Ligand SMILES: NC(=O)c1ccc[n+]([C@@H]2O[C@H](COP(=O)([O-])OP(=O)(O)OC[C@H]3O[C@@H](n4cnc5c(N)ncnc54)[C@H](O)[C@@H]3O)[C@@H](O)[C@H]2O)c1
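Single chain ahead, written as structure tokens, the form predicted alone.
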Amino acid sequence: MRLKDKVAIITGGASGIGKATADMFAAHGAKIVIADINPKAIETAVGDLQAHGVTAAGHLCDVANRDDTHALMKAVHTQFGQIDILINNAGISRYKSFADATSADWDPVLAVDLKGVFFCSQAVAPFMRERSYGRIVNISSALGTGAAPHNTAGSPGGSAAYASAKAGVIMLTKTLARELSPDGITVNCVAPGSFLTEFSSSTRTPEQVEEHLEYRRKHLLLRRVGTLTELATVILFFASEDSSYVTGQTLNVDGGRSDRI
């Protein structure tokens, strides 16, 4: 029970990486708050947790909206009396070839994937500071680390908005660690590589998903796609006391990408 009685907020927690993390945290004794933009998915995720005896709550939140994030943290603090862990997982992608990309392809991605991390961290900080304790874990991506992107949307630059936002998350992790460490709050980052989630197919056809995964397998030292349990285990490390002397760091969880090693 590495998180017994800890209150953990997981943005984008109703599906994919967020849901796997919620399940992992619940198994280690945490009280779970699912923050998401999909009300039906929130209801299902919270219901699943409660059916297994987990203390869980759901909150509708657009992380790109500063007012929403601050209202979320106040509501959770009022309900539980504390906030111990924040997992900044909510994210979107808008892949478009380099030549055709517009503001409509860039702005939402930076708003959710980067600005949302800042707003949520800003909103939770006062509640963590008052207890001199907190764990913030940001979810970046292999594409934010300098790993070579695959040909996306017909162009190597097709993932430019997403890669840029995720690179920003890594630097934001470092700056937030400097800001919050005097108050007993650690800030770390996980950069996932190839994992199959709903997100993987949100902008791809089934054929494109399989082609993408096959390309990835060939360039991974472990020659396979990761499981969400493997990823959630690393997020658990940063959220628990096991990482009490670690802050400002990014850990690549990518099966050994040969284009970076």
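Since we're looking at a predicted model, the values are computed, not measured. Residue numbers here begin at 1 and follow the sequence given.
Here the subject shifts to the form predicted in complex with the named molecule, a form of this protein not shown in this document.
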### Task
Using heavy atoms only and a 4.5 Å cut-off, decide whether all three of Gly16, Val112 and Ser194 touch the named molecule in the predicted complex.
yes
### Task
Decide whether Ile136 counts as a contact residue for the named molecule in the predicted complex under a heavy atom distance cut-off of 4.5 Å.
no
### Message
Under a 4.5 Å heavy atom criterion, is Asp48 part of the interface with the named molecule in the predicted complex?
### Response
no
### Task
Determine whether any heavy atom of Tyr162 comes within 4.5 Å of a heavy atom of the named molecule in the predicted complex, and answer yes or no.
yes
### Task
Indicate whether Ser141 is a 4.5 Å heavy atom neighbour of the named molecule in the predicted complex.
yes
### Query
Among the candidate residues Ala167, Leu180, Ile92, Ala101, which is the single one with a non-hydrogen atom no more than 4.5 Å from the named molecule in the predicted complex?
Ile92
## Note on the structure
From Asn38, Gln208, Thr229, Thr55: within 4.5 Å of the named molecule in the predicted complex by heavy atoms is Asn38
